[in-house]
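Only one chain comes next, encoded as structure tokens, the form predicted on its own.
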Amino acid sequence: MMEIRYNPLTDEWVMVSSSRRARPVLPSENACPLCPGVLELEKNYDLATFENRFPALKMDAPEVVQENNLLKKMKSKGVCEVIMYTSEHNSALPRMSLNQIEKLILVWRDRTYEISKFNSVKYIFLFENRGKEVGATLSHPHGQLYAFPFVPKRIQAKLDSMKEHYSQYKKCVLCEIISEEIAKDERIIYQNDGFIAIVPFYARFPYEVHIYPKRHVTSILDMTNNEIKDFAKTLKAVTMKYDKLFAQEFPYMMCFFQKPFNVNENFEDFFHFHVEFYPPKRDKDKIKWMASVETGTWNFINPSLPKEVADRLKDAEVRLDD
């Protein structure tokens, strides 16, 4: 079974993919399907991308038959790709060289560009799940790309809110937030010429961190070569600080937010590319579980003060030398 079903109570789409039950779960290093030469990956690969073997979306998705006007569905037509960061099984973003991270950003950019050419693709979502605490089933460093035939509900909420702010003030809300954070310098944990990393004033998770490009760009396609270098440094700095905080591999969800594609609307003025990290930790040995009020209402309760968390992450000094 593979299809997308419409929820008329919330005006959102739900992906159904029964094949995902067969995914491997935390195999041993010797049996890791993402290591060189184990499956179809070359023995000497550096970075690589391939179609997810257990996709929720694919371009040749099966046709669906509508049941009635209430129980609506659509084809699961889209793209699910796995993006390999490195062939080294025991590596990770915080341990990769800046050069390797820069190459990874170029892969993210290349796949975004190529997949955006499909008119059926409306949104391209890049992400990484690190750690079993967030459901990662393979420990080899990798991320994923989902290309949706619709704009997901939370992204649409972001678009609507950012557009409303621009219509009122004729300014990008993230550009204003960046200026405010630099002026106050209370929640910044790292910055360079091109990017700023902060624990946001409105953080939902205790150790949530956002990365914002200082220049107004709408997607990963807009970055200059210098910005790619600064983006690599920022990703490395944030993830190194996470690992240093509790002297352990820090689990997180890393999500990229960029403008939609193949949609008849201009997002250039009001949408600003950004990255959000959602770590599940609330302390060294404690998990912040999403309970009923957060899952059911989408209203989060953060048990930590963002400034205090920012101070802890700021104090976790790291060196970015290759």
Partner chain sequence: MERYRVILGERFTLPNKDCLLQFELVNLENTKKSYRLLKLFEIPVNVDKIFLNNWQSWGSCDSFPITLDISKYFENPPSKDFILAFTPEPKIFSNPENLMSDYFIAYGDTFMGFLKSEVSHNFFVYNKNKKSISVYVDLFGKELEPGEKITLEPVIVLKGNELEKLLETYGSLVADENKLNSDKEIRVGWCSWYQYFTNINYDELKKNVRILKKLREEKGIPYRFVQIDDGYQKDIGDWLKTNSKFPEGLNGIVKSIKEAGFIAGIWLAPFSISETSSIFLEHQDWLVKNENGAPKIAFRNWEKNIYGLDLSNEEVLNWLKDLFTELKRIGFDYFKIDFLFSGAIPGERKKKVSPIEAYRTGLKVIREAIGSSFLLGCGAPLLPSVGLVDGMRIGADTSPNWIEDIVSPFPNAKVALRNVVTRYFMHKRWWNNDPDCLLLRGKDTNLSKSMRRLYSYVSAALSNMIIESDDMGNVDEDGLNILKESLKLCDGEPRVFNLQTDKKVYVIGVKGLPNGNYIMIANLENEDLEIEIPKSAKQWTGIKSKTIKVPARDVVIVRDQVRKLKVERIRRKDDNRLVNYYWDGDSK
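Worth saying up front: this structure is predicted, and the values here are computed from it rather than measured. Residue numbers count along the first chain shown, from 1.
The discussion below concerns the form predicted together with its partner chain, not included here.
- Only one of the listed residues (L41, C32, A61, A56) places a non-hydrogen atom within 4.5 angstroms of its partner chain in the model of the complex, and that residue is L41.
- The partner is absent here; in the model of the complex, the one residue of T218, S87, N192, S139 having a heavy atom within 4.5 Å of its partner chain is T218.
- Using a 4.5 angstroms threshold between heavy atoms, E294 stays clear of its partner chain in the model of the complex.
- Mapping the unseen interface onto this chain, S91 falls outside it, with no heavy atom inside 4.5 Å of its partner chain in the model of the complex.
- Among heavy atoms of Y146, none comes within 4.5 Å of its partner chain in the model of the complex.
- Taking the partner from elsewhere, L47 is found to have a heavy atom lying within 4.5 Å of its partner chain in the model of the complex.
- Heavy atoms within 4.5 Å of its partner chain in the model of the complex map, among the stretches 129-137, 233-241, 179-187, 166-174, onto 166-174 alone.
- When contacts are defined as a non-hydrogen atom within 4.5 Å, all of L106, N119 and D269 contact its partner chain in the model of the complex.
- Scanning 97-132 for heavy atoms within 4.5 Å of its partner chain in the model of the complex gives N99, E102, K103, L106, V107, R109, D110, R111, Y113, E114, N119 in sequence order.
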